[in-house]
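Just one chain is shown here, as structure tokens, and it is the form predicted on its own.
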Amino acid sequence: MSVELLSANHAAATAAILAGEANREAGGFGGGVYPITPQTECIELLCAHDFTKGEVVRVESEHSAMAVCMGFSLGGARTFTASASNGLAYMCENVFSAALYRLPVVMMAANRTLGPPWNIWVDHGDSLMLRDSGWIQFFCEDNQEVLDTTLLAFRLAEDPRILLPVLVNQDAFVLSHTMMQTDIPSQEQVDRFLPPLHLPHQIGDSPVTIGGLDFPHETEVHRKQHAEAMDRVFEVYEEVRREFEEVFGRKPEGPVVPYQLEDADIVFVSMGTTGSTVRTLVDRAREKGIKAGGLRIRIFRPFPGEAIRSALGGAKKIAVLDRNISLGLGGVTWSELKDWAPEGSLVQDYMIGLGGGDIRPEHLESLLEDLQKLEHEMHPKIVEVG
């Protein structure tokens, strides 16, 4: 294991390269790629690597990139790609197809605001647009978590009890272009952690049709199987976390990450890099005698409702920080979390940092003051910080 200064883009690509090489005795590595800001550096590093077995195919669009990934995966290759924003939107049809084919593709998304008007900065709306696609979704807080999550995503996706694609999300520019010291495992360690991929429905020498016509009852069966696989994710993820720690000496965070929640009356819920800002807010509030706490959601799909309910405990007021907006509803995270909040608690939605505005401790301090004054839940609020 070595320590290097990496951007999160390069952290994701480094993990994908190590994972691809770990499959060299089986189907090797395969990926379809197309550049889009701010993930381009990820696929540039990927393209520069000469894989022992496999290749990276440069295509003409994001739609084709996922199509190539599906072909590689069906052929038994360990498969990775990356995209963002309108690239994910253009890819959308095949994102659903990859999940419905039950293919263990891993994709990194550098979360970026959907346009037009065109904006290249962070917003979670692009990957949350895909929340019903059947992909497992992780949100990462720092570069080390991006690298580690990409590695464990392959192990989780390829588990025969799961066989679902995984989306590893990171905040555009806040992480994608920020350099951090990152522990990089050796190839030998990754080989131990990631056994060769043997896809049960891998295409072989005999002719076979993939994705043919389903009649209604067949569709019901397939959707039931897909839902049951999603239901098994948390159990299998716990096993993967333990095995990751055995090999690499560090244990990835669980589906939710609590901070000073034991006696918290007021809790701020976040995803991605906002989690570190929330911790700063909590520390400042505690210094003033305010029983504040933080909760970072690390896995968004499947939604960790039971873990959220348990972590929130007896919280009386909950602020959900949504770096996204579902027009006509409010924040996506708030809309899914509020039914899991403690009975009688006030759950207020604050849509903040939309379009990439900086979320700073002073912004959250003003929200804390607002939350303290509230006696009942208000309409979701858009907070202007840009």
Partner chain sequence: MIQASKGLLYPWEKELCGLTRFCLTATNCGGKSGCLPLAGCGEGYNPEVMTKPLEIRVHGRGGQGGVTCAKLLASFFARVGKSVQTFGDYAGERSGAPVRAFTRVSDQAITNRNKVYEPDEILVLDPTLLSKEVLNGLGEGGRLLLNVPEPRWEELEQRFLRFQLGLVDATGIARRHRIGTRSLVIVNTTIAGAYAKMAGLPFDLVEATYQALGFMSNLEAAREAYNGVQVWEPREWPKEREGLSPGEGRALEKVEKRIESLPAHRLSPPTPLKTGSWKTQQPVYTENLAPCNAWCPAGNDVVGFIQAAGKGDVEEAARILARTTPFPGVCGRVCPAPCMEGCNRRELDGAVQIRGLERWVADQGFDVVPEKAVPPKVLDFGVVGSGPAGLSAAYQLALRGHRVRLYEGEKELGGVLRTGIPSYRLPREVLDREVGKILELGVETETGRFLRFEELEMLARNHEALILATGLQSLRKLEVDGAELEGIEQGIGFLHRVNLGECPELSGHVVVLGGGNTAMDCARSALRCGAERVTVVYRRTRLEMPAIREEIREAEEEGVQLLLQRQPIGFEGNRRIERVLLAEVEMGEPDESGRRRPVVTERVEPLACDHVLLALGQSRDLEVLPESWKVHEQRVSVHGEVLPIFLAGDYATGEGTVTHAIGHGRRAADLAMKELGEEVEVFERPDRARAVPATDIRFDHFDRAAPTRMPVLDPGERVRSFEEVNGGFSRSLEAHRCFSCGHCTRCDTCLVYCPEGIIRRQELGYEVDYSYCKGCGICVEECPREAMEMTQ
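Only a predicted model underlies this, so the values are computations on that prediction, with no experimental measurement involved. Numbering follows the first chain given and starts at 1.
Although it is not shown, the form predicted in complex with the partner chain is what the next lines describe.
By the 4.5 Å heavy atom rule, the three marked residues A67, Y90 and S326 all fail to count as contacting the partner chain in the predicted complex. Among residues of the shown chain, P361 is one whose heavy atoms approach the partner chain to within 4.5 Å in the predicted complex. Contact check for M179: a non-hydrogen atom falls within 4.5 Å of the partner chain in the predicted complex.
Using a 4.5 angstroms limit between non-hydrogen atoms, A153 is distant from the partner chain in the predicted complex. For the chain shown alone, L175 is a contact residue for the partner chain in the predicted complex, at least one non-hydrogen atom being within 4.5 angstroms. Note that among 179 to 187, 156 to 164, 105 to 113, 228 to 236, the stretch whose heavy atoms approach the partner chain to within 4.5 Å in the predicted complex is 179 to 187. A single residue from the set N86, S276, Q202, S133 has any heavy atom within 4.5 angstroms of the partner chain in the predicted complex; that residue is S276.
Looking at 1 to 25, the residues that come within 4.5 Å of the partner chain in the predicted complex, counting any heavy atom, are M1, V3, L5.
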